[in-house]
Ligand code: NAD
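As a starting point, one isolated chain is supplied in structure tokens, in the form predicted on its own.
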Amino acid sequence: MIAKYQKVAVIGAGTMGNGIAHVFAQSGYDVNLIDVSQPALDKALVTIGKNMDRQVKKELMTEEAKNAALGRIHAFTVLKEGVADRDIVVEAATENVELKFKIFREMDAHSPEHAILATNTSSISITHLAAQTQRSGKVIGMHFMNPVPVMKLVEIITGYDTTEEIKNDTVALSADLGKIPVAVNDYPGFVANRILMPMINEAIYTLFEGVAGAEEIDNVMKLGMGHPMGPLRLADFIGLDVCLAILNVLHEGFGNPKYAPCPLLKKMVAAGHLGDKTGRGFYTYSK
């Protein structure tokens, strides 16, 4: 554990937020998990417990370590209270620009002056988020991959004003979580989604144009390209609404028609078929 960042807050108790809280608590950090919804917090704590149980069964952690880690996570429904004494605050809310702007203004207003303000955004400009604060040099991106307890990569994204000290501290902090940090610059989609989302979008176009079915497209990419998961199955796993939001950021940010989201993706999101989380996307899922 890095002593100067012992106290962490994570804003958002969804899939990414509870995963981030999990890895910080597992690594010895005191974590305040914040969400406006108490049921979301309750669900997140159950999920973290179940995921840690799996680690115990696989002998990746002991029962004592699990109980200690769970004891380091504290739930809050009021952001002001949850960030008041924290050394680093990680925002992991829905991928919505205006919502993130609002949260960053609140994070800045209520966090200690020394605190790093980080975001798990998968595509939104770190520089634009930093501009909502009075501490733009201490704002940085920490883009974890899903599922957070398993995936090793963390994209570290520096905004225009992010200081070298904050960048280095965030890289060290990510490594202390057992992750492999990769530093990148602040452009739409960063590296991971700038490359991944056009591939997913092209797979959707391939389905849309009737070249092949969803299973056939995914099998070609798995068996021919060595991908562990086909692009359409991966899109369902990520969430089709999230894929659409990222493609819109890329399209708007670069002004290049190659990033324009496929009409089929837009229609599916409008219909509420978002993938795993709704039970229907390119595939059908049962609870």
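Quick note: we count residues from 1 along the sequence shown, nothing fancier. These figures come from a predicted structure and were not determined experimentally.
Here the subject shifts to the form predicted together with this ligand, a form of this protein not shown in this document.
4.5 angstroms heavy atom contact with this ligand in the predicted complex for F144: Yes, F144 lies within 4.5 Å of this ligand in the predicted complex.
Is L99 a contact residue for this ligand in the predicted complex, using a 4.5 Å heavy atom cut-off?
-> Yes - in the predicted complex, heavy atoms of L99 and this ligand come within 4.5 Å of each other.
Might L244 be said to contact this ligand in the predicted complex, defining contact as any heavy atom within 4.5 Å?
No, no contact at 4.5 Å.
Inset, instruction - Look up in the predicted complex whether I103 has a non-hydrogen atom within 4.5 angstroms of this ligand, and give yes or no. - result: Residue-level check for I103: yes, a contact with this ligand.
- If you check S174, N201, N120, S111 against this ligand in the predicted complex, which one has a heavy atom within 4.5 Å? After the contact test, the surviving option is N120.
**Request:** Go through N256, S37, N219, N67 and name the one with a heavy atom inside 4.5 Å of this ligand in the predicted complex.
**Result:** Exactly one listed residue reaches within 4.5 Å, namely S37.
So if I measure heavy atom distances to this ligand in the predicted complex, which of the stretches 29-37, 219-227, 248-256, 51-59 falls within 4.5 Å? The contacting stretch is 29-37.
**Request:** For the heavy atom contacts within 4.5 Å of this ligand in the predicted complex, list the residues of 6-22 involved, in sequence order.
**Result:** In sequence order, I11, G12, A13, G14, T15, M16, G17 come within 4.5 Å of the partner.
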